[in-house]
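One chain comes next, on its own, written as C-alpha cells: the form predicted alone.
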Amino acid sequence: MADSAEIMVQKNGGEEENMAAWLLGVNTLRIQPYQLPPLGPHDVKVGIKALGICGSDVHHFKTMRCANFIVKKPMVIGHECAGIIEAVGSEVKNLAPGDRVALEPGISCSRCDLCKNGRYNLCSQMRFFGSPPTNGSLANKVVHPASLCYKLPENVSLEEGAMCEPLSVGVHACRRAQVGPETSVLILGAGPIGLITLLAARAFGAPRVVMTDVDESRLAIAKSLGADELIQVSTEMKDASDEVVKVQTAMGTGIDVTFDCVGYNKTMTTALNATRSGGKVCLIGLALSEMTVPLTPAAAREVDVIGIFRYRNTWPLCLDFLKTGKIDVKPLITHRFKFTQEGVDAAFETSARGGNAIKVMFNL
C-alpha cells in the first residue's frame, strides 16, 4: 500500500481510482481506496490540490479523539483544502470544470433554528470533513456542495485557498470580539491559530497587538508577522500575576480584547485579569474541557467572556483579504509534503512535533 497514491489503480475504462488517507488507529494512517458518493445535482467533484494539517487532525492522529469528537471507525482525515473542479451537478450554474476553489468543510442541516438564524456553525447535525464520523478531504478527489466551494481570485494560490480554513477561525473570532481600528489586542499563544489571529486582528484594523508564548522561537515568528510587543511566559500559575503586569505594561493602554488561543487555567486566568474593565475575553483554544478561573472578579468588572466554534460566512472576506494583500498567509506554510504513504507519515509526525512547524501542507 505504500506506493498506492503514486501508482493509481486504473478502473472503469481508465478512470483513476480515488485514494485517501484513512485514520485506522493511533499513529496509523494508510493511503487506501475511497469510493465517493454519487454527484448530486447541487454538488461538484473537486480534485484536491492543497491540504493543510490542523491541530485537530493531529489530536485525532495521536489519540483518536479531539475534545468530544471520538474516532470509532476508520475515517478519512483532513479538512483545510483547495482544489480544481472536475465535474459539476446538473443544477450548478456558478462553477465549471477547471475552476480553482477553496472548500468550506462543514455541511449544516440548513433547517434547524440555528441554521435559519445564520449561526449554522453551531448546527447539531453538522457534517464536517475529518470530524468523526464524517470522512475528510485528504484524498485525490471529493464530492462537496457547490455552495461551499469558493472560486479563487487569479492572484490567490491553491495553498492560500487551503489556508482560508484556519484564517476563518481568526476572522470569526475578530468579528465576535468586534475588533476594529481602536481595539488594543492581547493574544495568548503564538501557535498557528494565535499567529492567524494576529494577522486577522491587523486586517480588522487593530493598532496594537501584544503576544505571549512559552516558546521564544514562536515569539520570533510573531514579531516577523507584525506583533508590537512579545512576552515570554511560563507554564506556572504562580507567575500569572507578574505576567499580567508585564502584558499590561507592554500594551501601554487598556487591553480591550484578549484572545486565549491556548485554553488552560493559567492562560484564561491571565486573560480575565489582564483585560480592562468592560473589555472582552475570547476563548479560542480548547485545551481543557473544564477550567478553574477567577470569573467573579472579572464579572464584577463587566469583562465579557465569549467563545467561538469554528466559523461562519467567512470565506468571501478571507479571499478578499488574500486578494488585496491585507493578509499574507504564505509565511505560515513552513513544510510541504507529497501525497504518498511516506509523505503522509512524515507530514503528521512533523506537525505533531511542533517546534518550527507552523502549517504543514500537502501538495497533491
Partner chain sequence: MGSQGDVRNGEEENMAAWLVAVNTLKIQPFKLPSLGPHDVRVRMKAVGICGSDVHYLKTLRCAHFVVEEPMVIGHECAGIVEEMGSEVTHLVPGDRVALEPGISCWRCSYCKQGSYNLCPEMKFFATPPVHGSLANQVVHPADLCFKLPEDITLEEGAMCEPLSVGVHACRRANVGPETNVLIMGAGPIGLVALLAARAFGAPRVVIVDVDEFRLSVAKDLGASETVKVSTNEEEVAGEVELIKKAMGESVDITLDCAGFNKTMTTALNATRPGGKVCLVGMGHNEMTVPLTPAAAREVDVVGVFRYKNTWPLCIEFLRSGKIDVKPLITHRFGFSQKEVEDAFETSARGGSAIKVMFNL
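Model, not experiment: these values are computed from the prediction. Residue numbers count along the first chain shown, from 1.
The following text describes the form predicted together with its partner chain, which does not appear among the structures shown.
Between its partner chain and the residues R30, H42, K338, R301, the one pair within 4.5 Å by heavy atoms in the predicted bound form involves R301. When you look in the predicted bound form, the only residue of A206, I85, V293, V76 with a non-hydrogen atom within 4.5 Å of its partner chain is V293. Only one segment in the set 159 to 167, 191 to 199, 242 to 250, 272 to 280 has any non-hydrogen atom within 4.5 angstroms of its partner chain in the predicted bound form, and it is 272 to 280. For N135, no non-hydrogen atom is located within 4.5 Å of its partner chain in the predicted bound form, even though that partner is not displayed. Under a 4.5 angstroms non-hydrogen atom cutoff, its partner chain in the predicted bound form lacks L36 among its neighbouring residues.
Remark: H172 counts among the residues lining its partner chain in the predicted bound form, judged by a heavy atom distance of 4.5 Å or less.
Although the partner is absent here, S184 is not a contact residue: none of its heavy atoms lies within 4.5 angstroms of its partner chain in the predicted bound form. Taking a 4.5 Å heavy atom cutoff to its partner chain in the predicted bound form, the contacting residues in 112 to 128 are L114, R119, N121, L122.
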